[in-house]
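We begin with a single chain expressed as structure tokens, specifically the form predicted on its own.
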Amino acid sequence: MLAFQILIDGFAISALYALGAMGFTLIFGVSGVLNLSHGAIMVAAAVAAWAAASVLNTDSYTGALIGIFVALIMSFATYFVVVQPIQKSRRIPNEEKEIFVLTGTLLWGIMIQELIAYFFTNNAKTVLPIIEGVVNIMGVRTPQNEIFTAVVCCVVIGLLWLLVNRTRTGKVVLAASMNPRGVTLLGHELNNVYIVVWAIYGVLAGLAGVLLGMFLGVSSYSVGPLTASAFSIVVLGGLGSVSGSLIAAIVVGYLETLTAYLINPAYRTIPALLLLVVVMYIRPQGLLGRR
């Protein structure tokens, strides 16, 4: 019975992590930015969805849309307020801009975390589920919302694949991740490509945050673990590798689920971080990474 419980919950967690990691990977693959405010944006989306239902008395769908919209706004704010000014600064040497961006997004994430704690306290918030009720799967009583979460994540990941591989905009984004200079030579403005990528990222992070809030609940304390999990997934899979991130998300999701059930939920992120250290020694480029 416990094995089936771990199998079902692990799949839902893995799907959520995969959804969140897709945007994280896309941002790095195209613009070379490791956004360390990722967890804060996800939590902000979940808290916004919770606040919409609790304060404004909206329904579940409206609350979810508000949460995604908040994440989209914060994604653009991260790019235009933090990342772009650093990348365009003439006072910062080019070889140091990457570390400045890392530091800037980390501090930005901490600011968002503290604002959430100030206005909404550190107490855990659970977003009103879209689908209620329980079903029996292999003898395990499973919330229908958990199944809904896994299905939505898989569908959105599939739609993202279609967008990148079957549309003109997606192919430009894909080309920018391989050869930015070549894209500019073809007449495409890189700034516009970056805006599209950060928009996609905002929607993905917002949706993942809202679904996570429905599934497990979040608080301002969730920011660090969520960022750590996303970072572990992206590095394990290989920086910029979407397929690698998918595989790593499954590994991390099940590792955390096993740790939560068999050891202690408080230690759920530790095995994934230890695995990250081992992989960095054995294969620094990650599972499917090229750099």
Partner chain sequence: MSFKTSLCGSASLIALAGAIALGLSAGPARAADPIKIGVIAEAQAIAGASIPQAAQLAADEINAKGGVDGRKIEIVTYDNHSSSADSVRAFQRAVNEDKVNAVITSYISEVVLALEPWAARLKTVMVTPGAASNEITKAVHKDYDKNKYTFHGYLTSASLALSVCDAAKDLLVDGKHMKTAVIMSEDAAWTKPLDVGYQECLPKIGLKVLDHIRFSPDTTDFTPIFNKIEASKPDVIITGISHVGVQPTVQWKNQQVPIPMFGISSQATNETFGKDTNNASEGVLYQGVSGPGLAITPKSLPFADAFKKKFGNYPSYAGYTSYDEVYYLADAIKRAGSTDSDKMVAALEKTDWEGTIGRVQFYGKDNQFTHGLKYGKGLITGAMLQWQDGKQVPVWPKEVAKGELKFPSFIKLTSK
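Residue numbers count along the first chain shown, from 1. Computed from a predicted model, the values in this text were never measured in an experiment.
Beyond what is shown, the protein has a form predicted together with its partner chain; the following relates to that form.
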Stretch in contact, per heavy atom within 4.5 angstroms of its partner chain in the predicted complex, of 134 to 142, 162 to 170, 200 to 208, 177 to 185: 134 to 142
Among the candidate residues V235, V242, I68, A260, which is the single one with a non-hydrogen atom no more than 4.5 Å from its partner chain in the predicted complex? A260
Answer key, its partner chain contact in the predicted complex at 4.5 Å (heavy atoms) among S89, T126, N192, T103: the residue is T126
Taking any heavy atom pair closer than or equal to 4.5 Å as contact, tell me whether S54 reaches its partner chain in the predicted complex. yes
Just to confirm, I13 within 4.5 Å of its partner chain in the predicted complex by heavy atoms? yes
Does its partner chain get within 4.5 angstroms of any non-hydrogen atom of I157 in the predicted complex? no
Is it the case that A117, even though its partner is missing from this view, gets within 4.5 Å of its partner chain in the predicted complex, heavy atoms only? yes
Residues of stretch 253 to 276 in contact with its partner chain in the predicted complex (4.5 Å, non-hydrogen atom): A260, Y261, P265, A266, R268
